[in-house]
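Here are two versions of the same chain, shown separately as structure tokens and labelled structure 1 and structure 2.
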Structure 1
Amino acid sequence: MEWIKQPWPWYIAGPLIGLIVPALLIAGNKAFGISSALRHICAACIPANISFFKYDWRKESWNLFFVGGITIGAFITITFLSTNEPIDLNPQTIADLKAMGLTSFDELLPEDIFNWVNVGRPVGLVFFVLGGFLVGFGTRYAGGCTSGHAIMGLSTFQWPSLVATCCFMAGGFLVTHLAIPYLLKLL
């Protein structure tokens, strides 16, 4: 049982994620992606006359089971498989984050940023509201999220997915190196 509690090496986890693509294609020509699930949920729950939500969401209901499986898996992991050990970060990453003023490295989300005090502060609005808006806008503008484009789109040789993945990566590098160091000074 201990093996499942440990992080799996990339050469195991990566191919397992990649095998989702042919499995979904064989199972019924389904496209992997998580961001479209929100659209399906809204189409199922919002009885408004909005053209974006007027389609047969039932044909894509398998995606809702996928989201349900993720939710159940997360619950099982947190409840039964999590350990109290701190996150195993690269020492150079810890040194870089300390140089930017972060002090907490025990959780996936640094408590220096993600805490209730910062929710009401301007820097919290930047991280939580503006950051969330930009992720949602980018996903909508690109026609999908990183999982849909980088895993499904690239494996099926789709040119728009290559462009979207390059833009996601470039945006991540730019924000990490140009915006985050300045934003962390505001904490």
Structure 2
Amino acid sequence: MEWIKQPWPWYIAGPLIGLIVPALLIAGNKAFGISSALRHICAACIPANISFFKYDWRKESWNLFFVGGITIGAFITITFLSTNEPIDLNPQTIADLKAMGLTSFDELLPEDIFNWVNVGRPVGLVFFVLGGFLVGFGTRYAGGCTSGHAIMGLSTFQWPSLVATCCFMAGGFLVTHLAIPYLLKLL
């Protein structure tokens, strides 16, 4: 039992994530991709007569069960199957983030940023509202996210997914190096 409580190395976790691709295909011809769930939620709850949301989302409801499963699986894992020890990050990453003002490295997410008090502050507006908006708008505009393009798309050798994945990475590098040091000043 002890091994399952430890964090898993990349060479265990990566192949297991890769196996979700054939698992979904064999289970019912479903293409791995999570961001579509956000579209189905819009179609189900706030279609507002927008043509992009006028389709039978119920036919795609497997995707909503899948993200529901992610939430439940994460809850069970963190509650019963984790050591709850700090992540084994590169000490340089910790030093760099400390220099930018972060103080807590005990959990999976920095408490300095991810707490309810920050929702009403400029830092919350940037990290939750703007960040979340970019994830939702960007993935739909790009036609997929890390699962749909980087994993499903690249596994099936589709060049639009290669373009999208390179842009995901480029965008991430740009913001991490040019914006994050300034955004953390909002703390």
Partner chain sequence: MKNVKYLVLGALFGLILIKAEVMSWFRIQEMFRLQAFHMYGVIGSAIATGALSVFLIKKFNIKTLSGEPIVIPVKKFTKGNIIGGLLFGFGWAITGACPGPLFAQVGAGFTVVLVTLASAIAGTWVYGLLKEKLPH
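Quick caveat: nothing in here was measured; it's all calculated off a predicted structure. We call the rigid core the largest set of C-alpha positions that still match within 1.5 Å between the two forms. Each residue is numbered by where it sits in the sequence of structure 1, with counting from 1.
Trainee: Between the first and the second structure, which is the form predicted in complex with the partner chain?
Mentor: Looking at both, the form predicted in complex with the partner chain is number 2.
Trainee: Establish whether a shift of 2 Å or more occurs at the C-alpha of Met169 between the two structures, with the two forms superposed on the rigid core.
Mentor: The answer is no; the displacement is under 2 Å.
Trainee: Could you tell me whether the Cα atom of Ala179 shifts by at least 2 Å between the two structures after core superposition?
Mentor: Ala179 C-alpha, core-superposed: shift of less than 2 Å.
Trainee: Taking 2 Å as the cut-off, check whether the CA of Gly120 shifts that much or more between the two structures after a rigid core fit.
Mentor: The answer is no; the displacement is under 2 Å.
Trainee: Following alignment on the rigid core, what Cα displacement (Å) is computed for Ile26 between the two structures?
Mentor: Rounded to one decimal, the shift is 4.1 Å.
Trainee: Provide the displacement, in Å, of the CA of Gly68 between the two structures, taking the core as the superposition reference.
Mentor: So the C-alpha of this residue moves 3.5 Å.
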